[in-house]
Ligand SMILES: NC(=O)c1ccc[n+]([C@@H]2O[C@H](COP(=O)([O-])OP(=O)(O)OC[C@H]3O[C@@H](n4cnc5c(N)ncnc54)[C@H](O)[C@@H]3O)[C@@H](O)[C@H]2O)c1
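First, one chain by itself in structure tokens, the form predicted on its own.
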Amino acid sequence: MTKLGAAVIGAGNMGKMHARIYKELYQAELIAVADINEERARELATAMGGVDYYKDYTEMLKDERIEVISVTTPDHLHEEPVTACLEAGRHVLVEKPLATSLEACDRMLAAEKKAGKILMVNFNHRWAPPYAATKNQLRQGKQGRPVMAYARKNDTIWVPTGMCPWLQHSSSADFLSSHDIDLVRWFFELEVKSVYACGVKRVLKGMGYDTYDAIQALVRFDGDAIATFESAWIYPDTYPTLTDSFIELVMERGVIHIDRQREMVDAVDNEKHYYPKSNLSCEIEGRLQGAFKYCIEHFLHCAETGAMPMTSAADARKTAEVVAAIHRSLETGQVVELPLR
């Protein structure tokens, strides 16, 4: 079996996941990791069995063995490494969202077109069994056309203040609701035509993080279906799971609820009652399984065959436009029409 040479830019939480999956997949050979924090890059390289590591990813791009690259830098720092990798002739998988501005999205799409390479976005929820099963149900057409959706994705306060403090340069709509917007667009097979959003800045701003505590957006789709997207990241850290996630789809002739709070597991020890997550990633016999892995497998398949990724950059740009409209509505207090001008 021919293996694709793989590398990862960014050695944080997501970078570690990407590196480990490349290391474990039969279709790939992890060659290198890069991070501006050289010690962090060295630690990840060592954990991956002594692969090469770099502080400067442009030096890594000189290694011709590398064919595919994951970019797992913070949300607002995707454009530069993604563009450099494409210009160097590599296929790229970038963490969601594609970018935190439409201008950056468009520049990356232009770089993808010029390079003739694949740029895919890691909206891995599409590969999670609850969401994939929902899509399969909707394809049967028994429930009729979409009427309404409600999507909630809320995090504990440790996420923006401890796990990823760079999130002050992002928003809960970018980091959390982008997943749900992508999913509901996929479920409904409709595009958004208007957005009205409200938000609260209080708790995090008082802690020195100038970002919204919570955002709710009312969205109207083509065909007059509606949806509410809710995101917050100030749940107490005592909450039994890092993320509270729920989606309701109301159709003409049916209803679907997707509740991923417990994922069928309740666990209690002497310190805490908690709900272990398993759909996105779960270790089985020492190897990671789940949606995260399946998404990367899909990326490698597309890189090898030239197939269009299910979560292409062009499709992810549509989700980014909805998030940009949410931000514009938060700033203006007005309904924002799409496409944005």
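Residue numbers run from 1 along the displayed sequence. These figures come from a predicted structure and were not determined experimentally.
The same protein has a further form, the form predicted in complex with the named molecule, not shown here; the description that follows concerns it.
Contact here is defined as any heavy atom lying within 4.5 Å of the named molecule in the model of the complex, and by that definition not a single one of 154, 211 and 327 is a contact residue.
Note on the partner interface in the model of the complex: the residue among 256, 164, 111, 203 having a heavy atom within 4.5 angstroms of the named molecule is 164. A single residue from the set 251, 88, 138, 77 has any heavy atom within 4.5 angstroms of the named molecule in the model of the complex; that residue is 77. Within 4.5 Å of some heavy atom of the named molecule in the model of the complex lies at least one heavy atom of residue 9.
With a 4.5 Å cutoff on heavy atoms, residue 13 counts as touching the named molecule in the model of the complex. When contacts are judged by a 4.5 Å heavy atom cut-off, residue 292 counts as touching the named molecule in the model of the complex. The closest heavy atom approach of residue 280 to the named molecule in the model of the complex falls within 4.5 Å. The stretch from 141 to 149, 190 to 198, 265 to 273, 123 to 131 that comes within 4.5 Å of the named molecule in the model of the complex, counting heavy atoms only, is 123 to 131.
Along 327 to 341, no residue reaches a heavy atom to within 4.5 Å of the named molecule in the model of the complex.
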